[in-house]
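Here you get one chain, nothing else, as structure tokens; it is the form predicted on its own.
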């Protein structure tokens, strides 16, 4: 997936970083349990963040030692699968299919060939997610369809496009049992940031290939697009603290604050670094990958 919404690990305490890694592993296990072994390859930082936002009570904060394909000989601490992880797993497969279909339209021949090979799996997983979470599937589909329509129309309103993207993040809170509006607001902002970060990351490539990029409406050059993205992030970060405080219980609040105040900014600053593609995926082992 995208991989822009992640913490800045050097600023986290050891137990916070271990907690983040445990939720990441928990999401991987939830994908495997709910949709099959290969679905765990879709695990991402972005949905790990969503799972932490959706965590509602102390009963959801249980951890266990486990082994996995990535670490068959050494046990890791993993979050026990709960409702938050299941919803995040469903959101992962629902958005993955849309991303695959988007790649079929925009990417090169060989990349499209790879997408065609795994798209049948995505369709199968998506049908399972739709049966388990029909409201989430409906709201996510509606938001992403609106975004795609605006993209085809070459919409010049950045706010309209980011609002459509934000609605897809907001949909993840549809199954929250408490403080639904607060969780939805946080996920709405996170989805908007992820969209603008992805647009910045693809700005030069889209410009070269003549493809639509939502930031082109506000900036003619990459430097201007980056400056606008940083200002937009500052706007989101300014309201993050108040929104996070509305959650009566969330053991991951220090991590979520770190993501909004430090991690997201670093993601924007890394858009032109040589390892930008590598950093989007993979296990969060610490400063080297985060």
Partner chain sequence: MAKDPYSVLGVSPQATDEEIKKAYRELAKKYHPDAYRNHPLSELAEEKMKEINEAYDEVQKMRAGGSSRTDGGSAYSYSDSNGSSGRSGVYRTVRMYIQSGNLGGAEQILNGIADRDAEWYFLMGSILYRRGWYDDARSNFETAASMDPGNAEYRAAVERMNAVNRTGFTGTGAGAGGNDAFCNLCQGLICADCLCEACGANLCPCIGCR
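Positions refer to the first chain, counted from 1. Being a predicted model, the structure only gives us computed values, none of them experimental.
Omitted here: the form predicted together with the partner chain. The next part is about that form.
Considering the partner chain in the model of the complex, the lone stretch of 49-57, 220-228, 64-72, 34-42 in range is 220-228 [heavy atom distance within 4.5 Å]. Proximity to the partner chain in the model of the complex, defined as a heavy atom within 4.5 Å, singles out one entry of 211, 127, 180, 112, which is 180.
Interface residue among 206, 83, 201, 163 relative to the partner chain in the model of the complex, by the heavy atom within 4.5 Å criterion: 163. The partner chain is not drawn, but in the model of the complex it has no heavy atom within 4.5 Å of residue 116. Contact check for residue 8: a non-hydrogen atom falls within 4.5 Å of the partner chain in the model of the complex. Under a 4.5 angstroms non-hydrogen atom cutoff, the partner chain in the model of the complex lacks residue 21 among its neighbouring residues.
Interface membership of residue 157, defined by any non-hydrogen atom within 4.5 Å of the partner chain in the model of the complex, is confirmed. Contact here is defined as any heavy atom lying within 4.5 Å of the partner chain in the model of the complex, and by that definition not a single one of 15, 190 and 193 is a contact residue. Counting a residue when any of its non-hydrogen atoms is within 4.5 Å of the partner chain in the model of the complex, the hits in 127-146 run 134, 135, 138, 139, 142, 146.
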